[in-house]
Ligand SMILES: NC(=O)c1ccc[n+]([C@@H]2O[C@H](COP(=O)([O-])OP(=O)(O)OC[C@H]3O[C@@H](n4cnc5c(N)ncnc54)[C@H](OP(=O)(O)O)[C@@H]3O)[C@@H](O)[C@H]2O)c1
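In structure tokens, the next block holds one chain alone, the form predicted on its own.
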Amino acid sequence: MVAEMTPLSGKSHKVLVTGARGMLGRELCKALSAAHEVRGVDIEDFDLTDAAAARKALAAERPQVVVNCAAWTDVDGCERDPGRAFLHNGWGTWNLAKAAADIGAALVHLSTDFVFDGAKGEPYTEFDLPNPLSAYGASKLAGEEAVRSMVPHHYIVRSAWLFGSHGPNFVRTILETSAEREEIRVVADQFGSPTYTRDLARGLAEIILAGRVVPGTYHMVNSGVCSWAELAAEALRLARRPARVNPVPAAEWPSPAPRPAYSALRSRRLELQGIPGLRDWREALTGYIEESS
């Protein structure tokens, strides 16, 4: 029997964050701790692919809200081993959703722009139909569907192109590479929405966990659109690195997993509720580089 669901509101909640040692999870635990009682867990604490372990952990903790940042995000790895991708991103999410529903907890689940195929040619809204190209995107979509079917009071939050201080990411790789090379080849015909994990964590804390929006699916990214090459060039400029970007087509950078050519996101559901989205990606990138230097 599913317990009565806990509505989100402006009051303090007991929050369990999975994937708490990841790049977003660390920022999120910090952002939430000012207003909520936060418990961060990771795979060392319990494995989401183990249904019994997930049920036992949530029954013991009894959180009012679960925020799921746990995922296997190696896009090419997922393509090479789709079974593992669906085990972690699909089945693991189903286990967590079922455990959350059993204790009446609300569930905030992080998803990705890779649920879209990139054929639209303009930013995707929450009302566009997903059509993933890769095993990673398909496994994350399976996780979304598990949350929707299992937890009445859910928030699915899609984000994209994450960079931040607590883990490997594209911006950090570009800056590290610039110390070794004068020219860096970067894909110029794939476009998306770069997002600073600190901004995303604050958005989750101040919009979703604060109970300012109705349950459902949301896009939350730093505003604006750019290519990987443009993002790299701006990072090098802000960090005052002499290396230059050599823009190349994706066809010259083959990988096991197909990537959407245009996966930028628009936070349309926030707009409809009169809530401003996150700041421009250039401002966010400036903040990240200043705080990292």
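Being a predicted model, the structure only gives us computed values, none of them experimental. Numbering starts at 1 and follows the sequence shown.
Beyond what is shown, the protein has a form predicted together with this ligand; the following relates to that form.
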Since the partner isn't included here, can you check whether this ligand sits close to all of F46, S111 and S159 in the predicted bound form (heavy atom within 4.5 Å for each)?
yes
Partner absent here, but in the predicted bound form, which of 30-38, 64-72, 249-257, 229-237 has residues with a heavy atom within 4.5 Å of this ligand?
64-72
Can Y136 be called a contact residue for this ligand in the predicted bound form at 4.5 Å between heavy atoms?
yes
How about H13 - does it come within 4.5 Å of this ligand in the predicted bound form, if we only consider non-hydrogen atoms?
no
State yes or no: in the predicted bound form, is some non-hydrogen atom of M23 no more than 4.5 angstroms from a non-hydrogen atom of this ligand?
yes
Please determine whether R202 contacts this ligand in the predicted bound form, using a 4.5 Å cut-off between heavy atoms.
no
What is the one choice in K120, R172, H88, K98 with a heavy atom within 4.5 Å of this ligand in the predicted bound form?
H88
